[in-house]
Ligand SMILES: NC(=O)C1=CN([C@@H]2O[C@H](COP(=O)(O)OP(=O)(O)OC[C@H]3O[C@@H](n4cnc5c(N)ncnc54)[C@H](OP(=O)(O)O)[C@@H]3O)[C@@H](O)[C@H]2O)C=CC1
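This document starts with one chain, in the form predicted alone, laid out as structure tokens.
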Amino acid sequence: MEVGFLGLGIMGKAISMNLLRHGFKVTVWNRTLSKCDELVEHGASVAESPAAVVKKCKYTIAMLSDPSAALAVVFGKDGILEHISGGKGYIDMSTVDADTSSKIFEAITKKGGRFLEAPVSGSKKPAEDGQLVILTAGEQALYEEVLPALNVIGKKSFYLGQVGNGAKMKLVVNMIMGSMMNAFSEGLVLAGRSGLDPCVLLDVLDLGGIANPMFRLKGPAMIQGSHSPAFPLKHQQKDMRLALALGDETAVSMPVAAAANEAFKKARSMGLGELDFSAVYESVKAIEPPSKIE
């Protein structure tokens, strides 16, 4: 199977490399073309624009940073709409809001193309290992046709029905994840300031009912002040913002998520946006303890 791939950031590069390793023919494009070089060394072809990728490939996958990037690739100069046509499928794995996904769906289907939204749950390592969770919605026939590729990219794919449902599910998942990371960061700092060993806290958590892979994976590095980006903090804050907007639309009170969003915004203001989202720990730690009165 031959596929096109647009966007070679942390996730897009890992997914494309995984497809190549499994024998797929992959044509790639990235706004900064030099990011394509490593993929070319592993057998990928490079196209000069999103339009050129769609013209060449029956199926094109995109993994872009935010709604504005997702829209630009479709509607902009040399974009998807210039060559999307009957029989060609566009699979958008970007994390965007439901309105953005619907705009892309309407534009592509109006030109005779086919559309599937497919945001993923997981970060760099799961992407490299083909262990993502894929949240699809849109044309079910297209979903079934691209399952061979999805089965390489992820350990499980969910088909959620109409366009918008995939985007909404991803925002709910990332809202929960961001809120958990903020609470986890507060707990680590609270333990340390209380005279407890944060490493022992990790052991205690791992033996209890709230044990989870994120605490297990991120905790030791956070304590050491290491936040190598698997999922950049700026993207986590963007997803918190979009999830809160979804809460506004549906009249759901989300005070915990709102507080977590403020912590991520503070971390961005500290210049931590390019680090892993675990760097929110540094914004919590930066709050000085009150001075003791002698």
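All residue numbers are counted from 1 along the displayed sequence. Here the structure is a predicted model, which means the values were calculated and not measured.
Form predicted together with this ligand: not shown, discussed below.
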{"query": "Per-stretch contact check against this ligand in the predicted complex, the hit in 250-258, 37-45, 57-65, 264-272 (non-hydrogen atom, 4.5 angstroms)", "finding": "57-65"}
{"query": "Distance check, Lys124 to this ligand in the predicted complex, heavy atom within 4.5 Å", "finding": "yes"}
{"query": "Non-hydrogen atom contact Leu8 with this ligand in the predicted complex at 4.5 angstroms", "finding": "yes"}
{"query": "Non-hydrogen atom contact Val73 with this ligand in the predicted complex at 4.5 angstroms", "finding": "yes"}
{"query": "4.5 Å heavy atom contact, Ser49 and this ligand in the predicted complex", "finding": "no"}
{"query": "Ser94, Phe231 and Lys238 each touching this ligand in the predicted complex (heavy atom, 4.5 Å)", "finding": "yes"}
{"query": "In the predicted complex, residues of 11-31 near this ligand [heavy atom within 4.5 Å]", "finding": "Met11, Gly12, Trp29, Asn30, Arg31"}
